[in-house]
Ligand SMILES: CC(C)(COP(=O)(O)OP(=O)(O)OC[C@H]1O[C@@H](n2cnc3c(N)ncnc32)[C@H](O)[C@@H]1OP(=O)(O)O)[C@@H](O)C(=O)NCCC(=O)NCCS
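Quick heads-up: it's one chain on its own, the form predicted on its own, in structure tokens.
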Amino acid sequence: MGRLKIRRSTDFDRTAISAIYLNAFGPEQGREIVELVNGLFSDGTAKPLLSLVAETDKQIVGHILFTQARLQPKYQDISVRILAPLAVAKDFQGQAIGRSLVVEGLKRLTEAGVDLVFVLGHPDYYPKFGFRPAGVLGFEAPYPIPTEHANAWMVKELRAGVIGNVQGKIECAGVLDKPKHWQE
């Protein structure tokens, strides 16, 4: 593998991004995720979004997407994003590419003044980046998370002092606001 470069995606990357999700998740689940990603790219309620690709030897091998969310009740002036989805092509997994995408994304969101980032993901993977179970901290997912998967709904504080001072229900982008996207 050549030198890894993390950069913002462009419209020209869309086909390669779709191919990564199909490769990483297989034809059935991959198609559903491609549909979700393409929907989020065109969903006004998902903006501002942060879409990053990992590139090596001029080949896109990974992608991560962070979309706008809101904390309800609306009076809470907190900047929120949801990390969904993240994928690395199968031949490039296990090389810390996903880690590089998450770290760079969180760095850019911190610089942009985002307060909280949420993810519904693997409870053994995301805590490495400082994500903690969100439900016990007073943050409700857009749809109920089954008790056995409660630890998969996580939050990372990007601005110190936010967690513990606010709580509420997360309202996500319209395309993501479907029960099927919240079943672990």
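It should be emphasised that the depicted structure is a prediction, and the values quoted were computed from it without experimental measurement. Residue indices: 1-based, along the sequence shown.
The form predicted together with this ligand is left out here; the points below concern that form.
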**Study point:** this ligand in the predicted complex: contacting segment from 5-13, 170-178, 156-164, 20-28, heavy atom within 4.5 Å
**Key:** 20-28
Point to revise | Partner contact for residue 58 in the predicted complex: this ligand, 4.5 angstroms, heavy atom | key: no
Exercise for review: Using a 4.5 Å heavy atom cut-off, state whether residue 124 contacts this ligand in the predicted complex.
Suggested key: yes
Point to revise | Contact label in the predicted complex: residue 73 to this ligand, heavy atom within 4.5 Å | key: no
Review point. Quick one: does residue 112 come within 4.5 Å of this ligand in the predicted complex, counting heavy atoms only?
Key: no
